[in-house]
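Shown below, as C-alpha cells, is a lone chain in the form predicted alone; questions about how it binds or moves come after it.
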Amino acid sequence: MRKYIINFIFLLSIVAIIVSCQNQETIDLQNYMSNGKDIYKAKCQNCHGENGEGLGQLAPPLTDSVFLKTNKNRLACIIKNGANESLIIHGKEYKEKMPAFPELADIDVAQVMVYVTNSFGNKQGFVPYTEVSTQLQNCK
C-alpha cells in the first residue's frame, strides 16, 4: 500500500511540473499584460474607458480589432507620439487629437500596446519590446 502511495505522489508531482511549465513568451505576455494594465489605467483609461469603450465622439473605442490589426505597426508611434489625424473606427470618424506620452519608455509603450491588443475582445498575441523599439525609431 505504501508503494502505491509513493508512486501516486511521484506521478502527481510529475504532472504538476509538466502543467506548470510555461514558455518564456507566455511568461513575458503575462508580465506585459499586468504592467500594461497599470499604465493603461494611469494614462489611457480617462479617455478610452475602463473597458476600452471610448468616450463618445472624443476618444475612439479600443474594441475594433480590425483597426488594431491593420494598424499594428503604427500603434507604438500613436501611443508615444499621439495622433493628429482623424481616425475611422467602427465606421465612425474621430477627429480629436490624442495627446503624446513622450515620458513613456519603449518598454512601457510595448507593455500598454500588448495590453490593449489583448484586451477588450482583442486577441493579437505578444509583441516583444525589441519590435516596438524598432517601430518607435521609424515613427514619422
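Throughout, we count residues from 1 along the sequence that is shown. What you see is a predicted model, and the numbers here were worked out from it, not measured in a lab.
Just so you know, the form predicted together with a small molecule exists too; it's not on screen, but the next bit is about it.
- The closest heavy atom approach of residue 33 to the small molecule in the predicted complex falls outside 4.5 Å.
- Although the partner is absent here, residue 46 sits close enough that one of its heavy atoms falls within 4.5 Å of the small molecule in the predicted complex.
- In the predicted complex, at least one heavy atom of residue 58 sits within 4.5 Å of the small molecule.
- Taking the partner from the other structure, the small molecule in the predicted complex has no heavy atom within 4.5 Å of any heavy atom of residue 77.
- Residues 70, 105 and 126 are none of them found to lie within 4.5 Å of the small molecule in the predicted complex, as judged by heavy atom distances.
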